[in-house]
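Below sits a lone chain in structure tokens, taken as the form predicted alone.
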Amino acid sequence: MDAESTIIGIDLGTTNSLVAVCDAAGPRIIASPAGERMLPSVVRYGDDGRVEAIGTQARQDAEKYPQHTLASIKRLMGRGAGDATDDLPLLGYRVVDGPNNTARVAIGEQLISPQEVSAAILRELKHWAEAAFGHTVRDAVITVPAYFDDAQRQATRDAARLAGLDARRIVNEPTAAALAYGIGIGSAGTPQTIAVYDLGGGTFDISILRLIPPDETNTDTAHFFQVLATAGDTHLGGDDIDTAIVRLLLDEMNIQPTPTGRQQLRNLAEHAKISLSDSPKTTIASEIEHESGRLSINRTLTRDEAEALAAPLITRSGECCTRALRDAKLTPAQIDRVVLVGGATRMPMVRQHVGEVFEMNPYTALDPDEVVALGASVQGTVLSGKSDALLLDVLPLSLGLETAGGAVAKLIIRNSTVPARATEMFSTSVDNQTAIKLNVLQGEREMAENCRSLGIFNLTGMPPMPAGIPQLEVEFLVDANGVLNVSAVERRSGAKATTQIVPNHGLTRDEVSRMEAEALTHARDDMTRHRVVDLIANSTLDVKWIEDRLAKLGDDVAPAYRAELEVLLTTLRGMVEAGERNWRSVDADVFYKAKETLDHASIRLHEQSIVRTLRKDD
């Protein structure tokens, strides 16, 4: 295999990680020198911060070294320590605040970032590939949950760099699964609309895609993969089912477990969950270490009990599926196939729920643990020029700018295909501004205070100009990896500013779902408030311009006409002032009519001003 063109595919998972490659024989999983196809995403560190064990060995010894063994670290990628609040009581290791309010794990005197842990996992997978190929590997396609935000994606890229890998592309996990599935339908297949239901160890995604195989009569055509909509939850997965079982056991035992005890309980819960996928009941038997000694547990856990604990979590995934169908403007009857991804989809309850939501039995021929890595390797062949598949993915949340009055101007709407580019013209609302602050926002609400600020940058060096005169062109550019670049230029002066938006850490676990739910709940109020805010900004400029012209023209304005304009100005000023005090106190339709009336009445005034200016020029 050519060392220069080899691009491996990596599924960096919460529970397990895999590496794959796609060659002339098709995509395949790369095993370790010892024959392991999956690497447990577990790393043990010493007090000096050095890696002592990784993968299977680290997982097996987790009960012996609970405070030094880091698992499920993916849930902390690009996040703050506060985001892990619900998980902390059951983790063996200690999560603390690090620089820029990012999560770190404290081991001895060392603070270890999630990126460093992920880098250790990636580095091990890199070694597996190099052992199989006999040469150095530098390039990789790495998958992430579709609902990973900018910070989480950037954290993944940082981890790759630490591991000595160039992340040539960050691909959404459901999309990667669709690549692996889509290549399998062959050139003789017909176009299909598929849903990829991805319930992994720590995250959940649902994506609706359109798959169009190449035309067998035209060798110039390619596989075409278009994501129609995506939804999900970055804090919903098999780990949460394990946690529910652990909490049940703790309630029954009434103990305060030590770090070792917490790790013992998590292991027991995970084993029980897996066992119940094949059996109606399982036995949980062990001695659990707690603060006052050890306590024996020996109880039978039935599948019905486990499913009752998991039901609220699985229901949440179903709500995401319904939202994705709505965004794609499709009904379940228009879905040709549902593909399952992630180990948690082996649970009978999950498969039953998916069948109920989509009104069909899910497709189970693909290995749910391996399909994402296989798809990532397919994308690797596309990037290396060895395949002609075309992949069009989407953004999970809208992107925009804060405007006058705290409103949001959305430039790129959620579920827009990436790469994406949008340009919008803005101006100033204050005289003689020489700098403009640009607040870049992410979310679905209409007001900046209800969205998440991704970053703030300033456009400086503008010459003083009257309000409304500057012509500010702002461009948003989202690349294929979902990384946002923002540029701004003031056309009259040529002043420019450019930035790549990289927030310090990602959204909290509930922010994405809260943003979308609140956007629906408050849609009418939000739109009305946005309209009033815009009317205030535009009316303020109108009033200023008309007052300036009245002062400039003086006695040239007929008294009756001046009086008419003054009445209209007073009315509009009153609405502006009332709206600034409380946007609910004004009727937006009445406000708009008052502005329109003044604009129409002032046309003659503007014409007089232009005539005077022309005479002076003569």
Ligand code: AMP
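Residue indices: 1-based, along the sequence shown. These numbers were taken from a predicted model, which means no experiment stands behind them.
Omitted from view is the form predicted in complex with the ligand, to which the following refers.
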- [ ] Consider residue 327 of the chain shown here, and say whether it contacts the ligand in the predicted complex, taking contact as heavy atoms within 4.5 Å.
- [x] no
TODO: Mark residue 344 yes when one of its heavy atoms lies within 4.5 Å of a heavy atom of the ligand in the predicted complex, and no otherwise.
DONE: yes
Task: 4.5 Å heavy atom contact, residue 270 and the ligand in the predicted complex - done: yes
TODO: Verify the contact flag for residue 369: yes if a non-hydrogen atom of it lies within 4.5 Å of a non-hydrogen atom of the ligand in the predicted complex, no if not.
DONE: yes
Open item on the list: in the predicted complex, does each of 200, 239 and 277 have a heavy atom within 4.5 Å of the ligand?
Closed with: yes
TODO: Mind telling me which stretch in 453-461, 344-352, 533-541, 117-125 gets its heavy atoms within 4.5 Å of the ligand in the predicted complex?
DONE: 344-352
